Structure formats: C-alpha cells, structure tokens
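Below you will find one chain, with nothing else, as structure tokens; this is the form predicted alone, and questions on how it binds or moves follow later.
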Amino acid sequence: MKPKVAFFDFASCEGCQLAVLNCEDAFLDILNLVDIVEFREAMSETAPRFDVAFIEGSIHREIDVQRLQGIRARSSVLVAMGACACIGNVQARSNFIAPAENFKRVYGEADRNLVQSDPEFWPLWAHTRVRAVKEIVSVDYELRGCPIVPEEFVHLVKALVVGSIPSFPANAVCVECKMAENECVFDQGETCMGQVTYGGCKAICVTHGYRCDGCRGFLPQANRVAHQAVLREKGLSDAQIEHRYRLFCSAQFVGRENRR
C-alpha cells in the first residue's frame, strides 16, 4: 500500500500548500507514490491515521495545541512545513505584546467585548502566544522558507517513500549567493541576514535584487554576535537590528519547551 499523507493548516496564509500544488509535473509523480488522504487546498477527505503529516502554520491557541497533539498521535512522521510552522514567522512578533492588548489592536474594543461575553465562544478566539510546531510536539523534519522550496518538498517525499533519510545541508544563504555569483549586498551599501540564515532557497531574494530577511530561520552555528557587530558598523542601531532579527524569528527569542 502507498504511504498515507495528510496536510494540515494552522495560523498561516496556506502559501506553502499552494507551493506544493505548484510543483506541477513533480506533484503528479508524487501522486503515484503516495496516497493523499487530507489536503484542504485540494480535497476534504479524512483518515484516522497517517504515515506522514505535513503541518503548515504556527500555533496560537490552546485548542490548536490539542488539535496538533492529536495529529502527532496519529502520525508516524510529522513534518513542519514553512516558516510559520518552523519558526513562528512574522506573527510571532505579537509575543512581545500582552495578549489582551494584541486582541484589542486587531479586533477593537467592541469585538473584544462581544466575544468575551460568550464563554463558549471565547476559547475559539483566545490567543496566548505564537509558537512553532516543535514547541508543542516532536517534529521529524522541517521544510523551511516563506514559502517552502518545491524542490526540497519533492526531495523529502521521495526520500521518505524509499526509506532513506532526506538531507538538507546547514549552509548559510551566503554560500548560495556565492554559487549564484551575486554581488554581496553589503558591498552595495545594504545590509543582509544571509550570514546567519539557513540556505536552501538558492538565495532567491538576493538573486532578484533584494536582500535576505531571514525567513528560513537562524543557523544554529551562526555567530550572531559578530553579525550584529557588522550591522552596527554599517550604521544600524540596536533597535533596528532587533527589528530585523524579530521580523521572521521572534519565536526564537522566547524560551522553548519541547514536549510530545
């Protein structure tokens, strides 16, 4: 029997699932290798258990925690898919604001009073703090990026189908910039997060005339102290550096508990 694969979304734009669908011919090949039993972007079937579960989105509410734990219990392999699931993404910036104040800024005082007046409905809205999937349950593999790189998704699925271990080298974006023969943005008077950020994206942002903002998360071996010193030399204040670091990686600034 073909492995049963399911996709689940939490707080996200669902762009990573769309990136999967945009794999085009490769996605059709994958359909010959696996049995997709749940995928909200393409179908509505459900199954009691999965060989591989892909999770897109960050975790905001306690009801999401319970749902995620249920998926983990029903899955042999769990993959965090995209920046929201892997590192909390931009929405984790709300972790530095009190939940009540954050709710008020988003929904306004009138909506807040209305929702809180219904004790049964309030838990559906109650926001605690934004967490990556691995802060709630154990994660077997991560597909990084905002959105994911389709080639990495295809590589992961094919490796799991044949029983091998997928390999994602822990190189910085700078490595891929050099391979693409890009001129360093620092030499252009700009600043960049590429030195401390996971590669695998083929330095797509720099290649197309922008900079790296760090959507794939911090490399564990990166020397962030040295990187921040370079940013200061280029004229960034500590507040500006903190803003750049928190843009995608705010959840990595908060104490982390890993539990299954």
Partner chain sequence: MRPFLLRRDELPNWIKHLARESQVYFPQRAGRSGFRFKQVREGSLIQLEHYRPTIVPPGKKLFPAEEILFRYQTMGDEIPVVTPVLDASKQILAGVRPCDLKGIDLMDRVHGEGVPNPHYLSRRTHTTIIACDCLYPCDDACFCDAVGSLGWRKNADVFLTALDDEILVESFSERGRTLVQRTALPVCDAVDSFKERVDVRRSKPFGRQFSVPLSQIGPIIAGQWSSPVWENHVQRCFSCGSCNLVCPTCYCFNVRDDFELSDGSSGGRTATWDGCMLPTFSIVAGGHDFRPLALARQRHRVKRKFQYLTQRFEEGAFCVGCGRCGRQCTANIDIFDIVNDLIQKVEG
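Here the structure is a predicted model, which means the values were calculated and not measured. Numbering follows the first chain given and starts at 1.
Keep in mind that the form predicted together with the partner chain is missing from the display, and what follows is about it.
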Does the partner chain come within 4.5 Å of a heavy atom in each of Val52, Val137 and Ala239 in the predicted complex? no
May I ask you to choose, among Val106, Ala100, Ala73, Cys184, the residue with a heavy atom within 4.5 Å of the partner chain in the predicted complex? Cys184
Touches the partner chain in the predicted complex: Val154 (any heavy atom, 4.5 Å): yes
With heavy atoms only and a cut-off of 4.5 Å, decide whether Thr128 touches the partner chain in the predicted complex. no
Is it the case that Ile63, even though its partner is missing from this view, gets within 4.5 Å of the partner chain in the predicted complex, heavy atoms only? no
Residue contact check: Ile204 to the partner chain in the predicted complex, 4.5 Å heavy atom: no
With the partner chain left out here, work out from 22-30, 52-60, 208-216, 65-73 which stretch has heavy atoms within 4.5 Å of it in the predicted complex. 22-30
Across 171-189, the residues having a non-hydrogen atom within 4.5 Å of the partner chain in the predicted complex turn out to be Asn171, Ala172, Cys174, Val175, Lys178, Met179, Glu181, Asn182, Glu183, Cys184, Phe186, Asp187, Gln188, Gly189
